[in-house]
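In the structure tokens that follow, a single protein chain appears in two forms: structure 1, then structure 2.
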Structure 1
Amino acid sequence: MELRQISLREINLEDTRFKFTLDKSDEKLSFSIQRAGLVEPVIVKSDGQAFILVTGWRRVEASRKFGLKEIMGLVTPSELTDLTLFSLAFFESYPKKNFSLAEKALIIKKFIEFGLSREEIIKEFLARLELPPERQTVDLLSQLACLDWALPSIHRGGWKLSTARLFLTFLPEEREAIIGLSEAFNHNQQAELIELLFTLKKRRKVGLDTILTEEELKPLVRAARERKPRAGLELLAALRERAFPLVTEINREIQAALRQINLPVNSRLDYDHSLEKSSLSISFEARTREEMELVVEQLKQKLKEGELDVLFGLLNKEIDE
């Protein structure tokens, strides 16, 4: 490869054939380039008219931001194939980056486009990307990668494979509605949102639009899209109550029972709010052995008096939803 100065104006940023990273330049990279310029050269391919980025999208973004005119770049030999160059880009990032599911989807899609067979991807890359080495994984993520408009949101949300699998069961217009809502939720909440909508749609046998435009849900959906405080939590609670009414009712009873129990100081009870586990957890703080013995004795007394019996009864209640 030839190391040389490259004008940023010579780089064709419209050609994204080798791009799979969805991260933007962060504060650390921006500060580094601002203070010391671009230390690590980018890798480019010449197409005769301009240069195509093979690696270094975030570095170029930060360099342009701070007004650099030229940066150091490694120009690849013209005989290298696009598959070889994309492999180079992948292996440069592989040791130092945890790829999101959206980025993994792009990696798989581009390897296929550059001529790698599905069998080679399954054998060589899926396990290294912490994905099940199966044909259906390749097919699912290839389908996900085609939804380029959704990938930034999926990337920011840190989706897992199970969430993407459910998401792809929705109709195209329903997927757009879900992505429009997703910005109001963190990763775990996004996963629950999709699971709840999937459950409601399956049980009611209606479209997602029918569910989201119900009289009670409509204002919550609007507030979530506007990212109003707590709107996402309120929408999830409403969907949860519709999808699992018995679980919601038992949770209310458990919360009421907890308020009636006078726990020792610095101790708390908790449980699995999905009620998939029927166990109760107890945690407490103690600075001395004597404090710990006191708390344990108080808890034993409450058990002896049957104060916790109602909780165990509710947690072990049979649920058929």
Structure 2
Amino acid sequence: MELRQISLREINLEDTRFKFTLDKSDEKLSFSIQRAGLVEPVIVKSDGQAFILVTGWRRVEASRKFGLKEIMGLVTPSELTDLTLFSLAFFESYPKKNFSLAEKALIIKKFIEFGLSREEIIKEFLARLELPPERQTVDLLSQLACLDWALPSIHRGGWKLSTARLFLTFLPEEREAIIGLSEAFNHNQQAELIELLFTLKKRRKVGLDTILTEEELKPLVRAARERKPRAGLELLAALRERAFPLVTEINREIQAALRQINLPVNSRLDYDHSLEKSSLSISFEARTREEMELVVEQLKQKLKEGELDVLFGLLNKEIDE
């Protein structure tokens, strides 16, 4: 490889054949280029008229931002195939970077495009990318990588394979709706959102649109799309209620009952919200024996008057259906 100064204008950034990283240049890189220039040369391939970037997308982006005209680049020998160059790009990043699922998808898709067999990908790369070394993984991620419009959101959302798998079961227009909503949620919430939408859609045998345009959900969906504060959380809560109707209903009744009970000061009542346990617990704080006796006395009184019966009844509720 030949090390030389390369004019940034000579690099054809339209040709993204070797690009698989989705991170934008960040503060740290900008600061380092601003202070010290570009320390590590990028790798380029010459196509006779311009250079095609093999590695260094973020470095070039940051260098442009700081008005550099030229940077150091390693020009690859012309006899190297695109597969060899892509492998080079991959192995340059591999030890340094934790790839997101979206990036892994791009890596697999590009290896296939450059002629690597699925068998070799399964054998050599999947386990090293912390993916199940099976054909299914290759098929799923190749499919995901084709959704280039969605990849930046999937990258930012830190999706796992299981979330991507569910996402791909949605229709194309439904996928767009989900990506449109996703920015209102953090990583785990995105996974939960997709899980809930999948469950409701399948359980009710309706399209996603029917769920998202439900009268009560509509304003929440709109607010989430507009990324209003707390909108994501409220939409998730509303979807949970629909996915867990029995648990929601009993919890609602318990909450209503709790509002009617006046517990002694400094005491607190708890129960298992999943309803797996039918017991309740009451805890309280007391600084002296007298304080403790008082709370115990008050609790005894409440028990005697049957004030807690309704709660025990709800926690042991028998259902008809």
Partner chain sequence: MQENKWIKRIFVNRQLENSPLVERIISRLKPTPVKLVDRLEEIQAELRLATDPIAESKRVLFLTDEKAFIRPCPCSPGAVPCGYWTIDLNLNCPLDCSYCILQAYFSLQPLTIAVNQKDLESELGAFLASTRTKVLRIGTGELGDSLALEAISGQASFLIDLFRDKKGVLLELKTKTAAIDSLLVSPPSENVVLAWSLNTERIIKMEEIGSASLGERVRSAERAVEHGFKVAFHFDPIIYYSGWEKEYGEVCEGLLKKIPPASLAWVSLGTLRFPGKLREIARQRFPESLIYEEELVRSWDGKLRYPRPLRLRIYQKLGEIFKAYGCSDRLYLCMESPEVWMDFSKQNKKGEAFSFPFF
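For the two forms, the rigid core is made up of the largest set of C-alpha atoms that agree within 1.5 Å on superposition. All values derive from a computational prediction rather than experimental measurement. Residue positions are counted from 1 along structure 1's sequence.
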**OP:** Working through the pair one at a time, identify the form predicted together with its partner chain and give its number.
**Re:** 2
**OP:** Could you name the item of Phe244, Arg204, Ala223, Glu113 at the hinge, where fit switches from one rigid part to the other between structures 1 and 2?
**Re:** Phe244
Subject >> Interdomain rotation angle between structures 1 and 2 - two rigid parts, degrees >> reply: 30
Subject >> Angstrom shift of the Cα atom of Leu299 between structures 1 and 2 (superposition on rigid core) >> reply: 15.7
Original post:
How much does the C-alpha of Glu249 shift between structures 1 and 2, in angstrom, given a rigid core superposition?
Top reply: 3.7
